[in-house]
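Given as structure tokens, the chain that follows is alone and in the form predicted on its own.
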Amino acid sequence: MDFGAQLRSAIKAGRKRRAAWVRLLDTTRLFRTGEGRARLCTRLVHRQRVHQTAPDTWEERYPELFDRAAQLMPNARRILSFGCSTGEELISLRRRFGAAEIIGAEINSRSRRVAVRRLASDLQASVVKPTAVSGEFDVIFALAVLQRGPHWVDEAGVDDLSAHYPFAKFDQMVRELVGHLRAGGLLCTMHTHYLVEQSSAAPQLESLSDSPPMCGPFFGPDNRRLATQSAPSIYRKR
């Protein structure tokens, strides 16, 4: 095995163990690009509120979920995309909700600026900081955002998320989002570390069994890995 292969193997093993030297290396790499620096800044400045820090997204990322939400709420007036990243999700939603006011909330300032430019021609769309979200919505999307570093969690076989992304943080955000839903409104989720039906907001929600499945791994309120591997992705507020 050549030196490069050995180094890659050592980095992979160290990343699984969350070795300090690998974490320092990964942090140093973030300084190379504007996107990386923005991720690092978001992590440091907004550490109490940030969930997923990776801005990766693309148009039509979850077409089955988007289509089902549009079928269930064809006349939605206000829609929130929580954690909209660089705005591609808002474009996908506009294709299905032509008359709705669509608001994207994004904590990463660089991603937010990109999203604002991308949606400049859509007069019924806006992008704001999460702290600026107000009012009630007919549909709220929180897709691949109520989690932290899912690829590392899978790769490392993590069994306890308490030190990485505790249930309390997830639970607080779900409560906030449900608080912004009108009665009968939809909460649409995908790629969450925890189950919405185990959140403290669950009594206000009805899961829709015919919604597209959301795949695990999932963790429980005690932050420990569950055997459950599938859950509904859409919930209606009672």
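Position 1 is the first residue in the sequence shown; the rest follow in order. This is a predicted model, so every value here is computed, not measured.
Below, we refer to the form predicted together with a small molecule, which is not included among the displayed structures.
Exercise for review: With heavy atoms only and a cut-off of 4.5 Å, decide whether A70 touches the small molecule in the predicted bound form.
Suggested key: No.
Check your understanding: Within a 4.5 Å heavy atom cut-off, is P63 in contact with the small molecule in the predicted bound form?
Key -> P63 lies outside the contact set for the small molecule.
Check your understanding: Going by a heavy atom distance of 4.5 Å, is A144 a contact of the small molecule in the predicted bound form?
Key -> Contact check for A144: yes, within 4.5 Å of the small molecule in the predicted bound form.
Review point. According to a 4.5 angstroms non-hydrogen atom cut-off, is S199 in contact with the small molecule in the predicted bound form?
Key: No, no contact at 4.5 Å.
Review point. Out of the stretches listed (152-160, 70-78, 85-93, 113-121), which one is close to the small molecule in the predicted bound form, meaning heavy atoms within 4.5 Å?
Key: Residues of 85-93 come within 4.5 Å of the partner.
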